[in-house]
Structure formats: C-alpha cells, structure tokens
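Presented below, as structure tokens, is a lone chain in the form predicted alone.
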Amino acid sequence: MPDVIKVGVVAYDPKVVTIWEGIKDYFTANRIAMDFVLFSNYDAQVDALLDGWIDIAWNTNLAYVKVHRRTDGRCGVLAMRDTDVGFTSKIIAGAETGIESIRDLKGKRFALGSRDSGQAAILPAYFLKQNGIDPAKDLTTIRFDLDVGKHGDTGTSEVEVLNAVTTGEAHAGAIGDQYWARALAENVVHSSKVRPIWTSPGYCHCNFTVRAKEDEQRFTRWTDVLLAMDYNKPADRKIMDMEGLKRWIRPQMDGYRALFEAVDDLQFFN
C-alpha cells in the first residue's frame, strides 16, 4: 500500500471540499494516510485513475462503466453508500396533459437531463425503449445538456426538466428519484401541475473504483476503516449527512447491469 492513498473526487459543488476534508481527517485519526485530488469532470478522473495518478476514484455509475470498459472488466470496486443501492428514475408529466402511463407518451414533447446523466437521460431513454417507446422516433425530445462532464451530479438539468414540465414546455420528462424527493421536501413541486406517472426498476449509482481487481485486497484496510464509519457518532454523522448516507456498504454489482445494457443499446461511448 502506498504511503499516501490518493482518492479522486469530482468537485461538482463547493461542499465537496468540506466533505473530503472531513473524510481525510477521519482516516488520519484511524492512522491511514490519504489525500483527495479534485477534478472538474469525470473523464479527467477516469484518465487519472487509469494512468496511476490516483489510487481510488469516487465514481458515478457511468464513470465506473467507462473504467470497466477501458480495463476490459479488470477493474475493482471497494465500497458504496447505502443510498447508492435502489436508485430509480421517475417519469413526470403535466397534470393536464392526459398522460397516465408510458403508452401515452408517443408524439409528446419529452424532456431529458444532461446527456451524461445516468438517472435523467441514459437510463430513462433505455427504460423507455424497453417499454416500447423509442425516444428517437416516438418523442420530440428536449435536452438540457447542463454541467456535462459531471454526470448529473449537480442536478441542474433535472431542475430544468421539472421546470419544463411545470410550464408546459414539455409534456413529460425524466428525473432521478432523489431530486424528485428533494423537490417535494422543498415544496418546489406544484402537484396541481406535475405528477409522477412511472418509476423505473432500481439500479446502483456511485462507487469507489480501483484500476484492478487485485487492488480490492491491496486496499482492504482502507475499505474496512471506511465501512466502520458510524452514523451514531456525531463527528461521523456530520460527514455522512453531507455525503448523503447512513452507512457505507460492500458493493452490490448486480445493480449496474441496466446501465451496462443502456450504454451498449444507446451506443453511448461510440
């Protein structure tokens, strides 16, 4: 194991620095020397991982799939958040559009988030095709390609999807369930104007990716210390609340199958 373990993280929000300063302090207190390296986008972070500039990458599901493809499946995964399991996407529709189900979407204006957002673009398009709606042929697609490179982490494009459906610019659209829950909690959803009509099957989101499967053993102690972070301890809870979890868990790899299928079906990396 290197003297200092370097973890790559994408700076999609100023709070990322605060979160990772706290995580660094946590590892230091547990006698593990680690540091974090900030990237402006996931493509740069993936390149840095594969070139050996960093040891571990805190990746979105799409960034993980890209590493998997570029390593011919030889990469490894250390851990993920409890909230990275069972992610879903929602299709929302204008309350007065008459759209009650996916079948009613044909011929309608449909809003998608950033083209590299798993939850608001790639997986919704794939799931629609699985349910008999081809976005390229059956819909007039409105795309909000905002913060491309950050894989939808900022949520900016999902805000625009909701706004488009609310104002009638789009008849319906796709957003992630976490943004929908936040919009409800913050009372920015007008239930008289917008409602969810469909929820996707569950899938997995972020994980800690390493270059090679054998690195899972190489970083066993780092992973064990991460998994030991305790939500019942105030110092740990502060970090975990900011990062959006109550428990770090072992990876649930079956949850990435749909995204692998989606990027192939949509020829995303071509």
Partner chain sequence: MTFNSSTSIDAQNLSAADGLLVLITRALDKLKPGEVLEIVSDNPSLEHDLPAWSRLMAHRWLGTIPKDGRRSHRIEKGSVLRVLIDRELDWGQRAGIKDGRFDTRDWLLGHAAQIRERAEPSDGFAPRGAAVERGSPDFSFDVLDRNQAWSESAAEFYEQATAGHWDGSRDIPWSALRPLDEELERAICQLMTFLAENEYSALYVPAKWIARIHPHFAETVLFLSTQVRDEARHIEVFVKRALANGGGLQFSSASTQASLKSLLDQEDFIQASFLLSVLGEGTFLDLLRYIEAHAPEPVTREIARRTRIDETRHVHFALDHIRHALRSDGTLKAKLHQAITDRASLLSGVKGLNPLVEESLVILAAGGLSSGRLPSGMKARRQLYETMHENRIRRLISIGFPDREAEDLSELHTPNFM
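All values derive from a computational prediction rather than experimental measurement. Positions refer to the first chain, counted from 1.
If you look for the form predicted in complex with the partner chain, you will not find it shown, but the lines that follow are about it.
The candidate site formed by Arg143, Leu227 and Arg257 is entirely out of contact with the partner chain in the model of the complex, as no residue has a non-hydrogen atom within 4.5 angstroms of it.
Although the partner is absent from this view, Ala95 stays clear of the partner chain in the model of the complex, with no non-hydrogen atom inside 4.5 angstroms.
Remark: Phe127 does not count among the residues lining the partner chain in the model of the complex, judged by a heavy atom distance of 4.5 Å or less. The partner chain in the model of the complex comes within 4.5 Å of no heavy atom belonging to Arg74. Interface residue remark: Gln178 is counted as part of the site for the partner chain in the model of the complex, having a heavy atom within 4.5 Å. With the partner chain left out of view, the stretch that reaches within 4.5 Å of it through heavy atoms in the model of the complex is, among 109-117, 132-140, 151-159, 194-202, 194-202. Site annotation in the model of the complex: the residue of Lys213, Arg237, Arg70, Arg221 reaching within 4.5 Å of the partner chain with a heavy atom is Arg237.
Only one of Ala164, Ile102, Val189, Ala79 comes within 4.5 Å of the partner chain in the model of the complex through a heavy atom, and that residue is Val189. Residues are counted as partner-facing when one of their heavy atoms sits within 4.5 Å of the partner chain in the model of the complex; in 210-242 these are Tyr231, Asn232, Lys233, Pro234, Arg237, in sequence order.
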